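Next up, structure tokens for two forms of one chain, structure 1 and then structure 2.
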Structure 1
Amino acid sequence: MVSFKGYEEIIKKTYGSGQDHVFRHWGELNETEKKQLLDDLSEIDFDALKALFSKKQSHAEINFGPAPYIHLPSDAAEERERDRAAEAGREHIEGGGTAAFMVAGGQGSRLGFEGPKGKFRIAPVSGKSLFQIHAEKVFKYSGKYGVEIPLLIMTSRANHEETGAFFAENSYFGLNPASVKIFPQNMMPSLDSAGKLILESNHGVFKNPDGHGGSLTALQTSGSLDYLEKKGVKTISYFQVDNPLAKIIDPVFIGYHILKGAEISSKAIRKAYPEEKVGVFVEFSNGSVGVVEYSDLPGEKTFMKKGGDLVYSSANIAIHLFDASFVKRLTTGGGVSLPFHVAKKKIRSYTECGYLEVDGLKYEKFVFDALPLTERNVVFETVREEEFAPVKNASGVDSVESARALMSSLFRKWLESRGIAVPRQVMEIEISPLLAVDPEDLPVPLKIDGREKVYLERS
């Protein structure tokens, strides 16, 4: 058995759990590397990991129906109800009740971009990064509602420092640095197909970020919940870094959330076609609401129709509102009990023969698994083209090109809705968030030049 002063317990635990292969390169390590490996091991809950590996993945409960949701207004009465919600939401925002929360801890492996995904330059004309677009939106909303809206950013081990440095180099894109909180999420070890830890180097265990569901625990452990409480923030507006169209602060959505006293509210869009790879909102037999992933939705439910419409049609776009005190209740004490989901992935593993690709098991939590734990929630329908442009892949579906096209076409609509003529020659158009986060912010009259690419910035 290897030995190192002060680490006797963890060494014993590692051997006792049958994971002592991680010490295979011990003889090659210097004292610092030995300590790094042991510190890495100290963070692992071996018993929980063993239990996870032996657990049969239970498929989602099949006893469910479609979840009720607030649909887009179809008559004057429903329009008036929306106006009332907008009023309540505006009041809440102006009173300092809301913070923005961006999750940016993912690995962005499909995009294949080196560095934090938020640094990816997505804007169709200016080439602004995802981080800049989101930060500038928060800046604009703060001005619009006359209140400093805090921005929380969750990172992970691999991109935390680079994210912090990017914001600092860019002077936080005009935001007050004291109101921008950047904190990393937890990491979770992956296992090989025999349940063994995988080495990423001779002195490091391979770990992946613990999923966007890890964000609730990270809000607590980073001290962000206490920070928000001191500032009087009650509502956390959650969105993903890779959706440049996310309406980060939406008074109508916030209004419904507040009026209903919801613990979590979620935005939904209509599924584009039955097999679209999105999760759908459902109501389980015990009355709780949740999301069932497309891969878990049985075939007959995927295609089920009523009156010509898909029955399971409200799709999750990962925009939620969290009641801060609900998150606190969930995460204090024993921690959030969101389940881990397993995904099979090829992982680069350090072995005695150098680096090899092995079949690995990656464990992640999903944030929407908190939904069934609520007593009150809202599912709120919105328009796909106005709020959803995921940047997952370099090309094809949900890609850089599709997101740029969606941005351009939304901005064109904004201009047209304000009676601003867009000349035919204009192919790509971009509106800076500093100029407008909603069409109503656009200054009119406004003249657009007949160029191929148009960028509208604050003057």
Structure 2
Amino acid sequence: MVSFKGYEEIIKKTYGSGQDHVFRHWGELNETEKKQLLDDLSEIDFDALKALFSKKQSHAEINFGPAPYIHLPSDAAEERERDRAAEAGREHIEGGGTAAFMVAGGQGSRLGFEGPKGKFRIAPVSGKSLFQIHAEKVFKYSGKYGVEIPLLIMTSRANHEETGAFFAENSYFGLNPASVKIFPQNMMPSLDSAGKLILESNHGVFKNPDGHGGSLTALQTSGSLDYLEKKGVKTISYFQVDNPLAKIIDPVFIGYHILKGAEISSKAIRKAYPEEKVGVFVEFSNGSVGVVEYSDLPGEKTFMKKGGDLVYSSANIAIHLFDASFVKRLTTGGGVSLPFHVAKKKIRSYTECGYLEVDGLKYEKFVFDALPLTERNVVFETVREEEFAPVKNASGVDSVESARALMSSLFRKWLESRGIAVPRQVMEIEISPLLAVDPEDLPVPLKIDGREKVYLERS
């Protein structure tokens, strides 16, 4: 058995768990590297990892129907209910009850960009980054509702330092640095097909991010939940960095969440076509509401129609509201917890023969698995063109090009809804969040110059 002063307990636990192969290269390591390996091992819950490996992967429940949802208003009574929700939402926001939570752990490699995806310049005219657009929205919302809205940002081990430096270099885009909390996602060790830890170097254990569901755990481990509790925040508005159209602080959505007493609320859009690669909201046989991924939706349900419309049409766009007290119960042993999912992947492993690819098991959590654990949740329909422009690919579907086109189209629609004429020669138009986050924020009258590209910024 190897030895290192101060680490006797973790060394004993590693041997007792049958994972002593990680010390195979111990004789090659210097003191610093030995400590790094032991610190890595100290973060692992060996008992939980063993239980995960022993547990058979559960299959998605197949007994479900379409989930009920709050649809877009179609008559005067529903418009009045929407107005009532908007008023309740505004009161909640103005009372300091809401925080924004951006999940931003991804890299921009699929976009041909090195660095955090949030640094990618997506704005069609100004070239602002995703980070800047979202931060300026929070700045505008804070001014609009007369309250400082906290912005929480979850990064990954790969981009944490660069993300923090980017916000600092840009003076947090006008936000109070004390109200911006940037923290990394937790990591989960992967196992090989025999249940053994995989080494990424002779002194490091291979770990992967614990999935977007791990964002809720990260709120707890980072101290952000305690921070929000002290601020009096009750509602956490969750969104992903790669959606520049995300309406981060939406009083109507928040209002329904409050009025319905929901622990989680989720936005949904109509699927564009049956095979669209999005999860759908469903109601399980026990009455709980959740999400089934497109890959788990049986073929007959994928194409099922009623009255000409898809039956399973409510698509998940990863925009949620979380009751802060529910997240605390979920992440502090309050009787409920998110399950882990396992994915079989090829993983580059450090071995006695050098680096080899091995069959590995990656464990991660999905944030939508929290929905069936609630007593009450709400699915709220919204308009795709107004709130969903994911930047996933360099070209084609859900691409840089499609996102910029959707942004420009929405801004044109805003202007026209306010009776502001847009000259025909304008091909691309962009409205800064500092000027408007909703069409009613636009000053009237407003004259638009007849240039090919138009950028509207606050004066």
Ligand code: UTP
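Residues are numbered by position in structure 1's sequence, first residue being 1. Rigid core (definition): largest C-alpha set, two forms, superposition within 1.5 Å. Computed from a predicted model, the values in this text were never measured in an experiment.
Of the two forms shown, structure 1 is the one predicted together with ligand UTP, while structure 2 is not. Superposed on the core, the two forms differ at Y350: its CA moves 2 Å or more between structures 1 and 2.
Relative to the superposed rigid core, the position of the CA of E387 differs between structures 1 and 2 by less than 2 Å. The Cα shift for S201 between structures 1 and 2, taken after rigid core superposition, is 2 angstroms or larger.
Taking the core as reference, the Cα of R24 moves 6.2 angstrom between structures 1 and 2. Look at L41: with the core superposed, its C-alpha moves 3.7 Å between structures 1 and 2.
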